[in-house]
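Next up: just one chain, as structure tokens, the form predicted on its own.
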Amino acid sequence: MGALIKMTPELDLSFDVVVIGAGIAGLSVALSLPPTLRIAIISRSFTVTSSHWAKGGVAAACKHGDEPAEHLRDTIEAGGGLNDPDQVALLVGAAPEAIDFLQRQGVDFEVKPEREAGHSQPRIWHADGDATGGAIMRALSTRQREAPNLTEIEGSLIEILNDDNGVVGIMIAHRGSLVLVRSPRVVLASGGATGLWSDHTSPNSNLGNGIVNAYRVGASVADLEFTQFHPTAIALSTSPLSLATEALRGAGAWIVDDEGKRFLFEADPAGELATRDKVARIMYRHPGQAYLDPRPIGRENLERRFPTFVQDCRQRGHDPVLHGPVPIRPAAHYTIGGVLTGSYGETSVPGLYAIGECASTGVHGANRLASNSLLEGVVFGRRAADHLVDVSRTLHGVYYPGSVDLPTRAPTRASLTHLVDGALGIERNASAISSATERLVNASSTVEMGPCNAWELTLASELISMMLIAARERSGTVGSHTRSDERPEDPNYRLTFVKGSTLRREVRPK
């Protein structure tokens, strides 16, 4: 039995473009569109997104001695070779212009780039020390507020609306009711799904609902078995966990065990500079608590270069300057899979685009290289803006229902998190995946909850189901997908979900 939620017909909201999400990807596309277009930006929050919390920088080969070709090689190596090389070439080739775009928006990058794990060269551009995401978002938000053609609407996505010709708008929850927002072009920049895990670094609202909504209207989704776990989440609080930026390890910080021993070198010669998937896997398998020891950086450098890290630890009762090693643990950090897109963020549904973490562009392969995510948001956000301006779409009449039937029962968030933690953690196996799949199918929904919350958890359940199928089908270990019961296989394929058909296994481009 569902609940009939009234629509709000007195609000006649119609825009040339609707952008769902207010992080770096969403604002990059909005600020790159012509000022003659009326653009709505829809978000639950305009001050709390994954982009605001990004501690790392923007990867870009902009200095003599570092070339895009090297950035490309590092990206593909980190991705386990499953990256789309053409998409990676677009990403790294446009990186210098992305830095220039951000500078034009008011971002003040530091003079010299730094190195992070997985990068062969120092090419990470920081702003405001180890709070680059916050510095970028302050600049972009200022430009957004100054633009008269951009309208902020606080709300959450309920449904993407389409007809036989493509998208016609979206339905959102807004101030206690449902509202229709008409538009012939919808850009999903809604973030990932790492909030499904108990240990995560994203806002709690990141449950992947944008991905499922796109799938429901016919967009293909892919690579859902790949979720990146950041190895150095600060283990001094409950989720969302604050990050100890990768740049700390690039500057010389150590990862040690209870006895102060640097144990990473036992499994990987790169030690602290190994890629995130490798470091997280080694930490998961090593007994006891792991710590980040910042003392090799030096007290003065630590406080000057990493003030956010120092402040985050102090706020949680541990002073890294005075007391040294900080407890850390891996946490779900980045959804690599998502809505399958082309080189401009376009999906298989006319008028629908996906950019940023909700998209599967192919640039990350099986594991994202550090600091490529902010870069991806800018590069593909700007490419999407170029593309959708050139595509002519006419909005026909949109049916406006008086009310919408939403469920009032769904699996609880705690039960879904328990399933995800047990079956889709750093290491997976067939038995755990099978058990979780069965429990998800039989999930009890006996507790009444608000209809919007129930709908959100219903969509989350659908996404988890697809994640479990993909994790089961990929029987080998590659990148961020580790099978403790792995079988030898050629990993060079992509698992794609297409609405109305079975799961597809497609050979990846090389």
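Because the structure is predicted, anything quoted here is derived from the model rather than measured. Note that residue numbering begins at 1 and tracks the sequence as displayed.
The same protein also has a form predicted in complex with a small molecule, omitted here; what follows describes it.
- Within 4.5 Å of some heavy atom of the small molecule in the predicted complex lies at least one heavy atom of Arg368.
- The small molecule in the predicted complex is approached by Ala54, whose closest heavy atom lies within 4.5 angstroms of it.
- Although the partner is absent from this view, Tyr334 contacts the small molecule in the predicted complex, with a non-hydrogen atom inside 4.5 angstroms.
- When the small molecule is considered in the predicted complex, Leu157 lines it closely, a heavy atom lying within 4.5 Å.
- Checking Thr347, Thr361, Ser202, Thr227 against the small molecule in the predicted complex, a heavy atom within 4.5 Å turns up for just one residue: Ser202.
- With the partner omitted from this view, the residue of Asn453, Ser475, Ser445, Ser45 that lies near the small molecule in the predicted complex is Ser45 [heavy atom within 4.5 Å].
- At a distance of at most 4.5 angstroms from the small molecule in the predicted complex, none of the three residues Ala30, Asn162 and Ser220 contributes a non-hydrogen atom.
- In summary, the region of this chain contacting the small molecule in the predicted complex, judged by heavy atoms within 4.5 Å and restricted to 460-468, 55-63, 32-40, 476-484, corresponds to 55-63.
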